[in-house]
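What follows is a single chain, given as structure tokens, in the form predicted alone.
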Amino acid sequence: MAASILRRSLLAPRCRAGDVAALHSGPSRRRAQAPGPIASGRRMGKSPAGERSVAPWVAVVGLEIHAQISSNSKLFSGSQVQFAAPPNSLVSFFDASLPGTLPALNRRCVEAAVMTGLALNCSINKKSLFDRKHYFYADLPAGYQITQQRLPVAVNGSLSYSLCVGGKKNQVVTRTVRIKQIQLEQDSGKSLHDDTRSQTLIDLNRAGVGLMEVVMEPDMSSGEEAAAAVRELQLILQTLGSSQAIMAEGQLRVDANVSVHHPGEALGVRTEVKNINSARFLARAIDYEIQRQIKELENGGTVINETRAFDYKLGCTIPMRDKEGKQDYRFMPEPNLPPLILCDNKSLPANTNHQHVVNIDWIRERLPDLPSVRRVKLVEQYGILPEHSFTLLNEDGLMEFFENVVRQTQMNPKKVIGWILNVMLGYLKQHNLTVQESPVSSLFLADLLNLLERGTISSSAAKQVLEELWKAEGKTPLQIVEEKKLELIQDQQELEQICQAVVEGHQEEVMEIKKGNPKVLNKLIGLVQRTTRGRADPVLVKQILEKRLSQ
């Protein structure tokens, strides 16, 4: 299908680095929101005695999250769903809104929404309705979106998420955000902007793809909290299989509603930051917007109820459109779709083909362990720290990698986690690789840790071997150890001679130690290790040096 071409100016406001985006002043409305618990800024005022006092600003953050449902076909048509397919290659007549075409509801999308609702402690409505939301934009060919405005599939849930706090991020606190509703709706197409030719091309491959909109109540008060809640939701969706939730592919998109106010005062005017596709950018966008609003109010200005975008290169939000006049979407019941009726074991009609109904209880019984449960099991089973369990689950594939290593090595899991988080994960991040792309397999790492645990090599030699494994030349850890002659020196007499040579060649350090400065001993141990290229057992070296120095 040929792409529709719309010509228009693409001029948009931009903010310079270090500057605040264009600010507006004028009348504004206040929106009722639940107050957030955390002070995000300060305002200076005067006390009755004329002294300056400090009043806190409180930020209020709510999220609207669109998660693309993992399904082979779209919500109301049989068109295939595939990321990065050629433009307009996956478009049915219904997706293009040709006259006379009708929607046919995808059962898989309904089951995914019910499953997600159950995992988020929602009440599942046995009867839900579809509505038309009217607005006109180039990538919405019908001029309306089919959604669930009046009666969504799931309501009144909650999501518990955890934050690592403290100076070293070693304390875990758990917080909860309320889920207002989860609704099914169809995605729009995609506008592709060509700045060179000042034109916009339309790709309808995404038009009609099934979405779950998860609406979170404004129970958060910082970018860090919002990012943690989104990461937890992302893990839940991936665990359930209801969405791949890959933010880089647009499968999880977040709109953040942000406002600030003083405790005891009317709630502030909100702004909406649209279409954020990274948890890290979400935190930055919200924190920037909180400080922008505080700065604007403290300078005597007002906050405008508007939609903004986040410019990740400049690290600031920029205005998109004013929302002072409420947009009339002209919601109306979808005439071509009957009410969505769900069943449970009690209401399931007799002699019904299970392919013709969606059974809530059947889905509930098959829910997998959620991330919160898996974290507890990791801590209990392996004795690792709670904050380590978060890292294992937050990095895709890292938990499976860790458990594979533990199964194949004799090393204590507490030591294994140190190697994986401090060494392996460092390598992966340095080379911008995922766990699945690691050139060092779990088997090779386990073999390496076994050599270390048996005393065949030292810790420093193990790191040398890991560097060689990273080159992905196909050699085993043992082969590398033998080729590089990295085995620990087993001949104690040879080691004593090396230690004696180091002592004789560094008399200044020896004198410092005898004067009562034991820390210098570590330098001598390091010199022995350098001489032996990491082949000396540091514990044994320390014993030999202490014996020599005491004579």
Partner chain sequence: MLRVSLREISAALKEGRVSPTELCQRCLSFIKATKFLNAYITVAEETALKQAEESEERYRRGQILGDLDGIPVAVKDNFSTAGIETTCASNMLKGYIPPYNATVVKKLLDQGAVLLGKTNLDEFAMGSGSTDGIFGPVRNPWSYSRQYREKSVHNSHTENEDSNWLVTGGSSGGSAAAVSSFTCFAALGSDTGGSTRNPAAHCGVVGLKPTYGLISRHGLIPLVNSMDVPGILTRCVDDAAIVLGVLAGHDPKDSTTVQDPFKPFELTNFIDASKLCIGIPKEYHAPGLSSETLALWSKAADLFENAGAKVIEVSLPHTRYSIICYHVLCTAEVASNMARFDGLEYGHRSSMDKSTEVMYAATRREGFNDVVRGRILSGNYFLLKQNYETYFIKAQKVRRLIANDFVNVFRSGIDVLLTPTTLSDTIPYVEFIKEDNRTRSVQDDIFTQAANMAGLPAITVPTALSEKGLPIGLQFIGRAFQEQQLLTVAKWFEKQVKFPMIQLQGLMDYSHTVCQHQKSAFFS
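Residue numbers count along the first chain shown, from 1. These numbers were taken from a predicted model, which means no experiment stands behind them. The term rigid core refers to the maximal set of C-alpha atoms that superpose within 1.5 Å between the two forms.
What follows is about the form predicted together with the partner chain, which we do not show.
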#### Entry: Contact segment among 400-408, 107-115, 363-371, 134-142, judged by heavy atoms lying within 4.5 Å of the partner chain in the predicted bound form
134-142
### Task
Identify, from the list Asn121, Asn336, Ser160, Thr302, the residue with a heavy atom within 4.5 Å of the partner chain in the predicted bound form.
Asn336
### Task
Please pick, from Thr176, Ser89, Ser97, Gln80, the one residue with any non-hydrogen atom lying within 4.5 angstroms of the partner chain in the predicted bound form.
Ser97
### Task
State yes or no: in the predicted bound form, is some non-hydrogen atom of Pro103 no more than 4.5 angstroms from a non-hydrogen atom of the partner chain?
yes
### Task
Would you check, heavy atoms only and a 4.5 Å threshold, whether Asp195 touches the partner chain in the predicted bound form?
no
### Task
Could you confirm whether Lys429 comes within 4.5 Å of the partner chain in the predicted bound form, counting heavy atoms only?
no
### Query
Wondering, does Met332 line up within 4.5 Å of the partner chain in the predicted bound form on heavy atoms?
yes
### Query
So with the core overlaid, does the Cα of Arg197 end up 2 Å or more away between the shown form and the other one?
yes
